[in-house]
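Form predicted on its own, single chain, as structure tokens, below.
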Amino acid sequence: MPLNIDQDVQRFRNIVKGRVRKDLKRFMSEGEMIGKQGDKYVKIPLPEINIPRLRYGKNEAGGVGQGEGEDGEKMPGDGQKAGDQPGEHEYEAEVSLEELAEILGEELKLPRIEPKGRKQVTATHDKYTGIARIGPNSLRHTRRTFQASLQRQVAAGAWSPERPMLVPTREDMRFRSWKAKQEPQSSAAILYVMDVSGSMGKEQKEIVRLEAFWIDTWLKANYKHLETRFIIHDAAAKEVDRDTFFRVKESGGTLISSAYTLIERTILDHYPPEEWNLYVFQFSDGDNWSASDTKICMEMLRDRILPKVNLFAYGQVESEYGSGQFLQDIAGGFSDDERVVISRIADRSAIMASIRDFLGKGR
């Protein structure tokens, strides 16, 4: 019986996905897989999967029962001291970001996102719409080809029910035809906002980096066109690239209203709300310069930011230097607004729960 390689490959991929699902919380709190991220795939080390390998050809090095030697003669390497450590059998499995998003959605029971607003981006897809007399063999329509052959032979009186035989000629050939179809697709933009004041340390930034990876993974599975922007702030706010966002050194005080002002300006300049699905993820340790600035932030959030976005997510990354007051202010002012989601992130182990908080409403 010939080996069904496709079934073996699929069986192995199911094993890999099962291991990823089992250890998902650990992967979400470690950065090793993000460091091995490509455009469409990530490589995940799975130490408990052994991959059998078959080697073809002659065994020129010999083996048990082969080559010269007498009964009872010691084999090469016989008598070596046994070790007391387990062997290393680590395998790097390649998992697509789509599969990773699927696992994330299943484990966290995330609802699919329902986009709002007008469709902004179009993509071209080939759609088979009919039958043609010319085309490549790869698109030959077998059933229609034999139908045409039968019709021709019946019309010519060459068909015999006693000896049914169809031999299609070139004129009998039929092929699938297609035309390009423009399909609208939803577009989305993510604005990541992070406090980089003196109380936000390296570990807090790493937590934000890990959480952003999984947020990106899920939103990319829901939107074909996704743009991402990064805003940092202490007492002043500015837009930076991804690498700077996660590596900038902390310093200075905190004025959160500066970030909210830049959020609003970025949306107005680049992302008309009627065309884009907008997501804002703000990360901070909860400190702000003053109660008066917090009041300004609450007014801006209510009147100038929330009407434009699908979701405003505030994640408070715990720090020994942060007061945590800003989370209480948002919770008190927007407890009944479904567009606002808050999450307290005590450490890396809380990332999974935080993402469930943020994405669990399907907005």
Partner chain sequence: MSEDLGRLLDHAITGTGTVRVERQGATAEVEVVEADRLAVRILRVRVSGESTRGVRDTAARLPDACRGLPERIVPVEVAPELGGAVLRSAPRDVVDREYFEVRTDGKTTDIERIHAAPGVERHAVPFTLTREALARIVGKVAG
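Bear in mind the structure is a predicted one, so any value in this text is a computation, not a measurement. Numbering follows the first chain given and starts at 1. Rigid core (definition): largest C-alpha set, two forms, superposition within 1.5 Å.
Just so it is clear, the following notes concern the form predicted in complex with its partner chain, a form of the same protein that is not shown.
Undergrad: Can you say which of 215 to 223, 275 to 283, 142 to 150, 248 to 256 gets within 4.5 Å of its partner chain in the predicted bound form, counting heavy atoms only?
TA: Selected range: 248 to 256.
Undergrad: Although the partner isn't part of this model, could you tell me whether G324 comes within 4.5 Å of its partner chain in the predicted bound form, counting any heavy atom of the residue?
TA: Within the cut-off, so yes.
Undergrad: Quick check on S186: any heavy atom within 4.5 Å of its partner chain in the predicted bound form?
TA: Looking in the predicted bound form, residue contacts with its partner chain do not include S186, since no heavy atom lies within 4.5 Å.
Undergrad: Give a yes/no on whether D336 approaches its partner chain to within 4.5 Å in the predicted bound form, heavy atoms considered.
TA: Taking the distances in the predicted bound form, the answer for D336 is no, it never comes within 4.5 Å of its partner chain.
Undergrad: Do A235 and its partner chain come within 4.5 Å of each other in the predicted bound form, heavy atoms counted?
TA: Yes, contact at 4.5 Å.
Undergrad: For the stretch 192 to 220, I need every residue with any heavy atom inside 4.5 Å of its partner chain in the predicted bound form, listed N to C.
TA: Those in contact are S197, G198, S199.
Undergrad: Taking the rigid core as the reference frame, is the Cα of S323 displaced by 2 Å or more between this form and the one not shown?
TA: The answer is yes, as the C-alpha of S323 shifts between this form and the one not shown by 2 Å or more after core alignment.
Undergrad: Are T266 and G322 closer or farther apart at the Cα level in the predicted bound form than shown, by 3 Å or more?
TA: Residues separate in the predicted bound form, at least 3 Å farther apart.
Undergrad: Given that the shift is 3 Å or more, do the Cα atoms of G322 and G198 end up closer or farther apart in the predicted bound form than in this form?
TA: Farther is correct, given that in the predicted bound form the C-alpha spacing of G322 to G198 is increased by at least 3 Å.
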